[in-house]
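First comes one chain, alone, set out as structure tokens in the form predicted on its own.
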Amino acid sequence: MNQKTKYDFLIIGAGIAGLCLAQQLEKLGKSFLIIDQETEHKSSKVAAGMFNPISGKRMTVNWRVQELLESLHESFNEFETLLGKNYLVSANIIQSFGNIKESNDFTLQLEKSNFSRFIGSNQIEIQGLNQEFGSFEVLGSGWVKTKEWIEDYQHYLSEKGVLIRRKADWQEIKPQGIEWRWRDHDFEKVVSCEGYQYQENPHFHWLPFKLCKGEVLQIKCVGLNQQYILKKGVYLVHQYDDVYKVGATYEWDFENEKPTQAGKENLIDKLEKLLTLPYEIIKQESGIRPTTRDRAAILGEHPLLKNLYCFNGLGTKGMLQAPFLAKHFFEAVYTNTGLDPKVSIERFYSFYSTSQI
């Protein structure tokens, strides 16, 4: 391990959020350590890593979408240069309508310029895709080879001696005035990027996270157009050869982190409505998403403990949001410009009580 004893930052968690923060710190010339315990069911390791300027059944344009997309492409250009691999795949989505109402709602949305600029053709016929009620093309979308990127960047950070593989024990992370200490190391600031493991953090457990389990399948299907992401109830993202990732479920009440038969049946039911070609199920996986009460990320400083920060709750849009939010976070920390109210932790300060310390 790196023998340096004084650092600018301690980051807890090396998922999508923690790694995007680490990239920003490297660019700013800041020193840091990351503590991360490898777990099987991190959503970042399971998810397809899709990014989509339009989301939800209401087909709404995402918050600050242009900045999100620009930051995503800029960051992964840098990751790809650093690590010598390609991770970001540009692939337009072919969204198939499930019924006439969805088609009518889409027509109304087209009247809005901020929506229509992300819409391409509605005349693309895809072999194997059920397009009974029509479909449309979403521009500017794609996916990141998330698992591969995470493993490669974690290896790079480990080789540099700044990623430590162990479970973070908050009994060992203690405030020292306005700074922090972990074992023999001192830090100016600590950032919690713990995902669904935030529950074990005694300082941020009061935040209104709502964990959501997601299950995905890998299937083999011959004859599909691999150029596009297909979407109707679930997404179908090409991985390699004739293998695709299918997902995802949204389970708000669950017993454990493991894949379930009910989750598998849910995905198969939706897959049958999406595909008209035969397929073979290869694998089933599951992960826990750190979603929040209002479906927006939570960034910012603890209401009482100086220089202790939260960067969490990126939820289902983690890959799209993380690069921009990492930059936004550090600009706020170092320039005192303030965080966007939509993602600022201050919107939940009323949930906190000093008796919780």
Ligand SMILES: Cc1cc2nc3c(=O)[nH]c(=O)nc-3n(C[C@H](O)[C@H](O)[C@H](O)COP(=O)(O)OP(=O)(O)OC[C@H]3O[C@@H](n4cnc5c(N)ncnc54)[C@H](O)[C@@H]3O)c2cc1C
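For clarity, every value in this text was computed on a predicted model and none was experimentally measured. Residues carry their position along the shown sequence, with the first being 1.
This next part talks about the form predicted in complex with this ligand, which is not shown.
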query	finding
4.5 Å heavy atom contact, Lys317 and this ligand in the predicted bound form	yes
Cys193 within 4.5 Å of this ligand in the predicted bound form, heavy atoms	yes
In the predicted bound form, Val216 touching this ligand (heavy atom, 4.5 Å)	yes
Contact of Ala296 with this ligand in the predicted bound form (heavy atom, 4.5 Å)	no
Residue stretch of 166-174, 79-87, 109-117, 95-103 approaching this ligand in the predicted bound form, non-hydrogen atom distance within 4.5 Å	166-174
Listed residue that, although this ligand is not shown, lies within 4.5 Å of it in the predicted bound form (heavy atoms), from Val61, Leu308, Ile35, Leu68	Ile35
Joint contact, Ser121, Leu129 and Leu271 to this ligand in the predicted bound form, by non-hydrogen atom at 4.5 Å	no
Contact set, 280-313 vs this ligand in the predicted bound form - heavy atom within 4.5 angstroms	Gly287, Ile288, Arg289, Pro290, Asn312
